[in-house]
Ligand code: TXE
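As structure tokens, one chain now follows by itself in the form predicted on its own.
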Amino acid sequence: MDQSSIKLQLPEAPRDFGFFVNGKTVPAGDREVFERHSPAHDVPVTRLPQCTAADLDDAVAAARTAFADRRWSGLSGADRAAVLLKAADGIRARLEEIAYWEALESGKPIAQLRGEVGGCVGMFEYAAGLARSLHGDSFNNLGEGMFGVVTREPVGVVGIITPWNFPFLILCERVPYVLASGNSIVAKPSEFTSASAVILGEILTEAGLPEGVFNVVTGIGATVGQAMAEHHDVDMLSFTGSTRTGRAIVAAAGASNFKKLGLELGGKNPQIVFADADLEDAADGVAFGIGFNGGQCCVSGARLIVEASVAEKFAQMVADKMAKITVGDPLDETTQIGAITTDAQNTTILGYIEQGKSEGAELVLGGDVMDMGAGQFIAPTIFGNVTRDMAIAREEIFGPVLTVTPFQTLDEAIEIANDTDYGLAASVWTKNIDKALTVTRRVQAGRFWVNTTLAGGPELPIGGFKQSGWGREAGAMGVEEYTQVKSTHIEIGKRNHWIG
């Protein structure tokens, strides 16, 4: 069916979700309930329980039991792969449902979400192959009396804390890889966007995942998230969010059991454009790089660093592109940018826009609130004449706000790009292969794009340099990240006795 012919409607009443432990949905009962209002429509859309630290303990205990009795970790890679492939089919079958409820909770455009959820199918399919190919190493060079084997074993119970900007996608960049390596999981989604995580629990159980291997505890970060970071029976924690919260996670983990950490944190990502680039392609790419998901993306290309000889012309080209972006109802098939997801983030973005004005940057485009009759929407915004010392050039805005800074030489472009605490992502636009390779080698970023941006798939790992995080997700490294390495020495033949 042609999706563009479907007219999506708001729900008549908010949908009640539970949390998910030991293969079953647990209703809210007498727990407090968080009622999520759509940031685009100002109406209640979902209701989810506010779990307690005791609920987290129950979920961790279920995950620990499942791991200890090897109902999942003891299966062959082939058997785990079969479940992951069935889960991929389950996501495909419920794609519309997942996209719909996520659009309501997050304000993301429905057309964008269909692509994201479809991409999550690929994550599970790729991870299924990795479940079968995960292996260690051997050493047959230790002499006649010794043989060495290196094996990878699952870490154990893995906690996953995900943010509100890509609720299902970020979860699926982790869950299938964590499962492929044999671990058990307790997930804590953002309280603003929890529905899709609970749906994933249902899909995994229907696919044959044993009870207790995947659990979802809903609630606020200060309660459930903090307790997970401090929990002595969580062996590893994957956290995606701000660098500030990441520091708190590191402190909590160190103060408890020194759990292994995977952190994907903030970014202030450069898009470097040389005069010899295909400027029409680059203008569209730069507009997409900051406009996609309303700029609420840790890898958004928030800093345009453009060669001075074309800076004025190119900034206008980007402005012309961004002025044509369709901002509106996320349930409308034609919408490209939806609502700002949370009240706090809306306030933060508007505050940075005012700060940019007060710092003396030139407002080239946007900078204002868009009245859609309901919800919170901010016009795509460009600031020109931005210097490196301005807050809008240094701090993560996490909104549809692009800064423009010119450069004279390749070395200066690289210097500006690296003049940040972050190192999550970057892109370069040029038709000169020497420039492209030089920039990719010297700019400090974990993900890099040449003559494109925000492209990717399950095959390549993701993660950051500097204060953008630790570790890697997705790709083969995304499975290895959730393993411990064990070296085993095997003696052959009669021992040469130490004691005569």
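No experiment lies behind these values; they were computed from the predicted model shown. All residue numbers refer to positions in the sequence shown, first residue = 1.
Keep in mind the form predicted together with the ligand is missing from the figure; the text below concerns it.
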Interface segment, criterion being heavy atoms within 4.5 Å of the ligand in the predicted bound form, picked from 257-265, 70-78, 356-364, 333-341 = 257-265
Exactly one of Thr205, Gln226, Gln376, Gln112 has a non-hydrogen atom within 4.5 Å of the ligand in the predicted bound form; which residue is it?
-> Gln226
Contact assignment for the ligand in the predicted bound form, among Thr381, Thr162, Thr420, Ser181, heavy atom within 4.5 Å = Thr162
Contact between Gly285 and the ligand in the predicted bound form at 4.5 Å, heavy atoms?
-> no
With heavy atoms only and a cut-off of 4.5 Å, decide whether Ile199 touches the ligand in the predicted bound form.
-> no
Might Lys324 be said to contact the ligand in the predicted bound form, defining contact as any heavy atom within 4.5 Å?
-> no
The ligand contact at Lys108 in the predicted bound form, heavy atom, 4.5 Å = no
Mind listing which residues of 298-312 have a heavy atom within 4.5 Å of the ligand in the predicted bound form?
-> Cys298
